[in-house]
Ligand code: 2E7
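Take a look at this single chain, the form predicted alone, given in structure tokens.
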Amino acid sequence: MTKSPLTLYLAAPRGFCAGVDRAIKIVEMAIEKWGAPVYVRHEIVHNKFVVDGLRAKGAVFVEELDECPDDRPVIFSAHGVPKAIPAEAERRKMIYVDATCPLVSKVHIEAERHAERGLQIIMIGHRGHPETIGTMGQLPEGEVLLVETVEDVARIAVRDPERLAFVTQTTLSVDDTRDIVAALQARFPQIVGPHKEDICYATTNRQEAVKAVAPKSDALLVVGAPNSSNSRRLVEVAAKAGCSYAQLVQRAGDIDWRALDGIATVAVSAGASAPELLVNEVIDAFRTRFDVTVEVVETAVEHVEFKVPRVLRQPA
């Protein structure tokens, strides 16, 4: 049977970022150093394949610190945690390793510095997301107010409109966030922004790569988890950039082939917590159905690397 020709545009950069890579290494090195089990508060990164792989090596994933025994190490996820969590771990004399992405930690430090100057913080983020919870939890309740949309800006009640600063979640849509920042600046002209944009390099680069391939693709697939903020944003960015069909898939088995009937071009990207192995799985699935020509569309080259905490580089 003759296969139909298909051009597959592979967006680059895609997949693992430096913060995710570091967080996974932290769990693996902790198991190597202290033996299994090692506890991890919340999914280390938002990807079921990664989490299942670490679980098989001896990681135990829990949602709260009170599910962890005092005598086993615990790791805090890449998304960051409220200040009360490490404080409680210290009170219990637990061994803990903070795998918070350094770019998320940068936002935490920014928020604290603004607060020291007496400014109330407005955070642009998604309610209930672990990163938002972690950032808002760096300061006492009421010191960080959350906005999710431009409409929220019009409704927000602040303590002093002339004593404000804003920070953002690192995995937001660059374009949507720009609109919310503009609304904040229009309503509160004195508001102070970050020295350098809070949305991380990896989120920005992956969105730019998707914008480059989306307009020339009949369909675009993003490999990533449904609870991954940056992966979901890539689907939204693809749709806004002119791709008529954009789908989030965790694995090749999630592809809706009926929706792809008759296509001649497809683009593939991956969220920052999706391993390249799963991207290759998707490409192989297309090869079984089409005569595939792969074209890599690269919009940036990344050389970022973060060191693991010193405690993991020391002997047990």
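Here the structure is a predicted model, which is why all the values come from computation and not from measurement. Start at 1 with the first residue shown and count on from there.
The form predicted together with the named molecule exists for this protein as well; it is not shown, and the discussion that follows is about that form.
With the partner omitted here, the residue from Asn205, Gln120, Ser173, Ser228 that has a non-hydrogen atom within 4.5 angstroms of the named molecule in the model of the complex is Ser228.
The single contact residue among Val104, Ala209, Leu184, Val144, judged by any heavy atom lying within 4.5 Å of the named molecule in the model of the complex, is Val104. Residues within 4.5 angstroms of the named molecule in the model of the complex, judged by any non-hydrogen atom, belong to 164 to 172 and to none of the other stretches in 215 to 223, 164 to 172, 109 to 117, 149 to 157. With a 4.5 Å cutoff on heavy atoms, His129 counts as touching the named molecule in the model of the complex. Within 4.5 Å of any heavy atom of the named molecule in the model of the complex lies no heavy atom of Ser269. When contacts are judged by a 4.5 Å heavy atom cut-off, Ala11 does not count as touching the named molecule in the model of the complex.
In the model of the complex, the named molecule lies farther than 4.5 Å from every heavy atom of Val40. In sequence order, Ala78, His79 are the residues of 76 to 91 having a heavy atom within 4.5 Å of the named molecule in the model of the complex; the partner itself is omitted from this view.
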